[in-house]
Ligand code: GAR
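Read the single chain below, which is given as structure tokens and is the form predicted alone.
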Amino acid sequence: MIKIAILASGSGSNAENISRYFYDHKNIKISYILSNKRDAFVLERAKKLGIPSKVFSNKEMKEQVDLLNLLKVEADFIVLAGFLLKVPENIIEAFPNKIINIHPALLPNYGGKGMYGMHVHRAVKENKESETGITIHFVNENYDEGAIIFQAKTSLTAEDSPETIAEKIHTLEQEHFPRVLEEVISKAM
């Protein structure tokens, strides 16, 4: 059984969608949901889904080996689902090509430090883009620069607001993220 640990910092809608997708899977399971925010709603979702969860501090992620040791025991793959911290090199080295992130834009555009959530959607709107999308990619030592696994696009109109762009992106995330994860993990088995 391949185990996935999900790291999330916010509400956890992608974490829940992924968890439900793999609920009865014969080869893949969600083993843990971890968050760097004590008040993140993703922890409530984990509880309702019966998935073990843990909160860790930013300091623990950067300096301690406890998180790395937990991941080595509980995960074969790590999925970032709305996780806002940079993954430390010791974790990247321990999970080469086994840490997967989703970004709410078509990388390499609108990536990098500080480009997440509504910051991305506002930038897309301000630049009057005719399309945007999602990028699922491997994580490396730089924000949003890992090898691209998959992209999906959606058209935009002049009437789209950052909020409607966010809705379109959320629809793409919900549709594609679990399926692409399954494809990547199945190939690695």
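Keep in mind the model is a prediction, meaning the values are calculated, not measured. The first residue of the sequence shown is number 1, and the count goes up from there.
What comes next is about the form predicted in complex with glycinamide ribonucleotide (GAR), which does not appear here.
Close approach of Gly10 to glycinamide ribonucleotide (GAR) in the model of the complex, 4.5 Å, heavy atom: Output for Gly10 is yes: heavy atoms within 4.5 Å of glycinamide ribonucleotide (GAR).
Exercise: Tyr116 in contact with glycinamide ribonucleotide (GAR) in the model of the complex, heavy atom 4.5 Å: Tyr116 belongs to the contact set for glycinamide ribonucleotide (GAR).
Non-hydrogen atom contact Ala94 with glycinamide ribonucleotide (GAR) in the model of the complex at 4.5 angstroms: Result no; Ala94 lies far from glycinamide ribonucleotide (GAR) in the model of the complex.
Ile78 within 4.5 Å of glycinamide ribonucleotide (GAR) in the model of the complex, heavy atoms: Close contact is absent here: in the model of the complex, Ile78 is far from glycinamide ribonucleotide (GAR), nothing within 4.5 Å, heavy atoms only.
Triple contact flag Asn14, Leu84 and His103 to glycinamide ribonucleotide (GAR) in the model of the complex, non-hydrogen atom at 4.5 angstroms: Yes, all three are in contact.
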